[in-house]
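Next up: just one chain, as structure tokens, the form predicted alone.
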């Protein structure tokens, strides 16, 4: 195929949807992955060269089959955007282990298995790009964010280690750190909060939310540059000690 192929998980809404649209406009064919067949079919109708792959990526066997199906359909996978995920707001004292395990499966194990499935494909192609969507919460210590933040910190560690391991294969693994984004993410977050909600509960003003389109531009930046980490705002970068 003349167009490069990008696989985007969580493509039915929010950052994933905006990323799929932007990549299509930039000349990519996009494999649209999510649980909602109706939403994906509607989106695919407007995106030239796209194809729908319905999968619950919290099920690891489904992840492996999905990657195989995408590869079989397009014949290659040039970019993976691991975007699907779910939040969990809870004080550490009240964090439910079973709920945390579910979030960890989706936010860490699913990207891990997806990377494991695409790396051999990209190695044979001679190049590739893997973009894992982290969270600005991994750069802070926020009340009620311990479970979600720690899961994303695990993803950070896996990503940066994978980057070192597959650099010799001309595969770039990058992290993108979004801040608060105007999507349904918060609506779909599992909430088991204590007295202080979010980090605005201490009286500090919460900055305005970014648009999903803005974050999609940062994801495209990561694909094009291959840098290790992309922060959606400069002020989010850790200060040198």
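For clarity, every value in this text was computed on a predicted model and none was experimentally measured. Positions refer to the first chain, counted from 1.
Form predicted together with a small molecule: not shown, discussed below.
> Given a 4.5 Å cut-off on heavy atoms, tell me which of 139-147, 122-130, 159-167, 82-90 is the interface stretch with the small molecule in the model of the complex.
Result for this chain: 82-90.
> If you check in the model of the complex, is residue 114 within 4.5 Å of the small molecule, heavy atoms only?
Because no heavy atom of residue 114 falls inside 4.5 Å of the small molecule in the model of the complex, the answer is no.
> Using a 4.5 Å heavy atom cut-off, state whether residue 51 contacts the small molecule in the model of the complex.
Heavy-atom contact with the small molecule at 4.5 Å: absent for residue 51.
> How about residue 64 - does it come within 4.5 Å of the small molecule in the model of the complex, if we only consider non-hydrogen atoms?
Residue 64: no, not in contact with the small molecule in the model of the complex.
> So in the model of the complex, is the small molecule close enough to residue 56 to count as touching (4.5 Å, heavy atoms)?
Yes - in the model of the complex, heavy atoms of residue 56 and the small molecule come within 4.5 Å of each other.
> Counting heavy atoms only and using a 4.5 Å cut-off, do 4, 28 and 230 all touch the small molecule in the model of the complex?
So, no: the whole triplet misses the small molecule.
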